[in-house]
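What follows is one chain in structure tokens, specifically the form predicted on its own.
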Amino acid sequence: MAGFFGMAGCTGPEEERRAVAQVRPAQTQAPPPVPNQPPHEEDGQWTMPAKNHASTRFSGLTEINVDNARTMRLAWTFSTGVLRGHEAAPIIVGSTMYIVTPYPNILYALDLKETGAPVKWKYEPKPAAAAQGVACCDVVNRGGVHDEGRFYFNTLDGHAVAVDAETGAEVWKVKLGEINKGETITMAPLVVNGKVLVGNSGGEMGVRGWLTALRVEDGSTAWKAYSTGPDSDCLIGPEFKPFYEQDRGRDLGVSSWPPEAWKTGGGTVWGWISYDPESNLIFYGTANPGPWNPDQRPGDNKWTCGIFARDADTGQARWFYQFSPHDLYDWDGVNEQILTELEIGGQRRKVLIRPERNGYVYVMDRASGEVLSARPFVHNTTTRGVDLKTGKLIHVEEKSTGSGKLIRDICPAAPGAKDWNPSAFSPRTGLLYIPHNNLCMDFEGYETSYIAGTPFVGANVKMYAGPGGHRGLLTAWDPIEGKEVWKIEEDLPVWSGALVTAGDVVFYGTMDGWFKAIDARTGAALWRFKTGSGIVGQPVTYRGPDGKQYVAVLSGVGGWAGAVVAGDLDRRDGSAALGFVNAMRDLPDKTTKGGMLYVFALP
């Protein structure tokens, strides 16, 4: 396998109905709707990764709804010609759909005006092949973004690219990362105020994390903020006012590490970015510290495993909150943050909702960084909750990892209660739809040394299914009450994103290739379709040039969870893919490689 891990037809959904009936609690009534959020009008397009800057992944389209979703049919397909994990969201602007493939990161523009959506043009950035050898977790790409007539995306070998959206001509291409150090780029960029926001990957190689803002005109750097190191490097200055005491002080990005360790400390930025135009703040997460063995990095290891709020124009930090100080389990803090308003304690609050890898759904005041609630959404043996007064995670001491210690029954496992695969939030139901994992692990730390461009992990891990034996779930979560409303158990980790519509339908995919439509209020199965490979992509919906509503998703198993298939790994080696293969030995029996776009509509 490349990378250092060495690592059809419609059918009735009776099985899903039974599964939901088994796990649905007695009370399934959804909370009152959240009106007028996000503040935008539905234009039928999908121009950025999460539909909007608030990252709701909610579409106002209603043609496909709970009453007719069962009649959905395949409209057309498109083969990408690439057989690795397809984690991107299709982007739709006007009558054109854009798709970014995994390495070699081919950008396709498909003409939606024509029958069968033929290729309008394609752009091949030809990234360096050597990037495959240092990529963590398959050679994935999470897509691009359209803005003002250009399409922006990143390549595995550390470049950001701007392409003319009409012609496919390259406008600019800039090098941001160094693959010789193990640095790659897999995230989807976001455009805010004339700047393209891009972060790096490579925490398992000791790469130092950063987020940078590139000017749309020419790709030049407007600002760059590191996740570790001196305040000047992290763009922490007089405007920085974190809510909690432990995040206050000078140069904590240095002093919370052993000497020089921050230089190889990770905190990469490969997840999602949200933007609040009212405060002009962006919000994004930082990944795990390196190495995984925590004994080699005593201290809180700031500013890893947390969330930054920054001024979108200057990059100056406003606040930071650390979900998992001194990370013990590889709990990257890169998940999505949904911006909305909720009634909490009798007050209307502008909040940020964050389903986190450590197993808690956080609701935070997005102006101050205060944690308003943090409630568990999975089985958890490692922590006892979050102290809302201090903001600190309360650990179970006997589950602490370190050198020479074999700790069993750690739940959630390294991919967390939920990895990068994004949730969706409906202002109609007030519910958050979380695709996630039910995985535990055994973890044994060992001493490791940093050598540039080689793995810097220091842990042996074996993952396995959590209680109940199922490895994944889709959970509908009430963020005000802090509790589940309904859930669907899945055999395999749910590694796809979620989509919810004003037709009150939730869409998601499974790693054995089922694409499913669910009633957003009750969790009842409405429809499903078997695609040719496992689904780890992000479903989207749009209004076509013919006025009809369509739903699209990329099928093509892979990513960290699907590495055993995408990378042809030896399933007998449970430690492969950093221990994920141990939990996925049966995946090659359930699906095969693929790379296909599927688009659905009503008859």
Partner chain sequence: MPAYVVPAAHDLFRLHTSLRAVIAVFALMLSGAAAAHAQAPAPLRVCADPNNLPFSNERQEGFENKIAEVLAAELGTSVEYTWWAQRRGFIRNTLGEQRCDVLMGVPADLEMVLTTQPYYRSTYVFVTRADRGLDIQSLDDARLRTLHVGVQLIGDDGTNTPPAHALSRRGIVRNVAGYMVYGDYAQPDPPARIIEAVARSDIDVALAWGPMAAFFAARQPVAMRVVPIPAEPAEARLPLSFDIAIGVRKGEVERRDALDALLVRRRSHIEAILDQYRVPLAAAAAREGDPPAAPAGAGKADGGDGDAAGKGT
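Note that the coordinates shown come from a computational prediction; the quantities given were computed from them, not determined experimentally. Between two forms, the rigid core is the largest collection of C-alphas that superpose within 1.5 Å. Positions refer to the first chain, counted from 1.
Form predicted together with the partner chain: not shown, discussed below.
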property	result
Sole residue of F153, F320, W292, Y433 within 4.5 Å of the partner chain in the predicted complex, by heavy atom	W292
Contacting member of P455, G513, P427, G168, with respect to the partner chain in the predicted complex [4.5 Å, heavy atom]	P455
Candidate stretches 551 to 559, 66 to 74, 565 to 573, 538 to 546, one within 4.5 Å of the partner chain in the predicted complex by heavy atom	565 to 573
Output flag, F443, T448 and A459 jointly within 4.5 Å of the partner chain in the predicted complex, heavy atom basis	yes
The partner chain contact in the predicted complex: M205, any heavy atom under 4.5 Å	yes
is_contact(G249, the partner chain) in the predicted complex, heavy atom dist at most 4.5 Å	no
Residue contact check: G94 to the partner chain in the predicted complex, 4.5 Å heavy atom	no
Distance check, V119 to the partner chain in the predicted complex, heavy atom within 4.5 Å	no
Residues in 359 to 384 close to the partner chain in the predicted complex, defined by a heavy atom within 4.5 Å, in order	none
Cα displacement of V93 between the shown form and the other one reaching 2 Å, rigid core superposed	no
Large Cα shift (2 Å or above) at G369 between the shown form and the other one, core-fitted	no
Threshold 2 Å Cα movement between the shown form and the other one at N460, rigid core reference	yes
Note on I451-A566 C-alpha separation in the predicted complex, which departs from the shown form by 3 angstroms or more	closer
Outcome for the Cα pair L578, I451 in the predicted complex, compared with this form (closer or farther; change of 3 Å or more)	closer
